[in-house]
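The data below hold one chain only, encoded as structure tokens and taken in the form predicted on its own.
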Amino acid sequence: MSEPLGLFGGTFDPVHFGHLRLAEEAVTHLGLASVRWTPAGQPPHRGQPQVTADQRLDMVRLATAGNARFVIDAAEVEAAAPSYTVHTLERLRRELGPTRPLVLLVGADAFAGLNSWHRWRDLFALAHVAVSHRPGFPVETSSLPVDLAAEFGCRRAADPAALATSPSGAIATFAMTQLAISATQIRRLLANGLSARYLLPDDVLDYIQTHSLYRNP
């Protein structure tokens, strides 16, 4: 089998250094060949973002341009339908075949709500799941909903290197450098005319300012 391919989806509203650091450390900890970034076009679990899907896609392109291991998947933005992870994974399986190890990257908070995702149990037949967490605060079954805790208990991979030995089905965890940055925080700062510099790449911040994004009406 070839090296695992990481899959990183999200609204990225806007993309920031926390997102970039998660993807970077996932490559190292999980032995990924690359990370495919997939901005959501129409995120079903939240209200429509203040900026357009194309603008969010542009910002992700700017943020990832300097890393050869980061690639962009614009399919969800281009689709005229809600962005469900299971549909994206099914599309990638058709594209990449049944044997390539795929690794869905999620943060610990998102993973705790995985059982609310559309057809969430089907995700494990399509990809591995890798969960990033704060150093010293590992993912525990006691913190998860009962049905998700059961899946976590039986699928957990003690060694992330095991993700390369099968195409899907395992759950791995890895500690990442904690950056107290959120897209909500950035939007709030920008809406109030405050500086968000050093929370996101300069190219992304320049794009936001050029297009007057996230300002209060």
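In this text, the rigid core denotes the largest set of C-alpha atoms whose superposition between the two forms falls within 1.5 Å. The first residue of the shown sequence is 1; numbering continues from there. Predicted model only: the values in this text are computed from it and were never measured.
Missing here is the form predicted together with a small molecule; even so, the following discussion is about that form.
Think of it this way: in the predicted bound form, the small molecule has a heavy atom of just one of A183, L62, A172, A149 within 4.5 Å, and the residue is A183. With the partner omitted here, the residue from A164, A157, M176, L190 that has a non-hydrogen atom within 4.5 angstroms of the small molecule in the predicted bound form is M176. Using a 4.5 angstroms limit between non-hydrogen atoms, S132 touches the small molecule in the predicted bound form. Proximity of G10 to the small molecule in the predicted bound form falls within the 4.5 Å heavy atom cutoff. A125 falls outside the set of residues with a heavy atom inside 4.5 Å of the small molecule in the predicted bound form. Using a 4.5 angstroms threshold between heavy atoms, V106 counts as touching the small molecule in the predicted bound form. Comment: 109-117 is the region of 69-77, 87-95, 109-117, 140-148 lying near the small molecule in the predicted bound form, near meaning a non-hydrogen atom within 4.5 Å. Once both forms are overlaid on the rigid core, the distance between the two CA positions of R134 between the shown form and the other one is 2 angstroms or more. In the predicted bound form, the CA atoms of H29 and G136 sit farther apart than in the displayed form, by at least 3 angstroms.
Compared with the form shown here, the Cα atoms of G136 and L30 move at least 3 Å farther apart in the predicted bound form.
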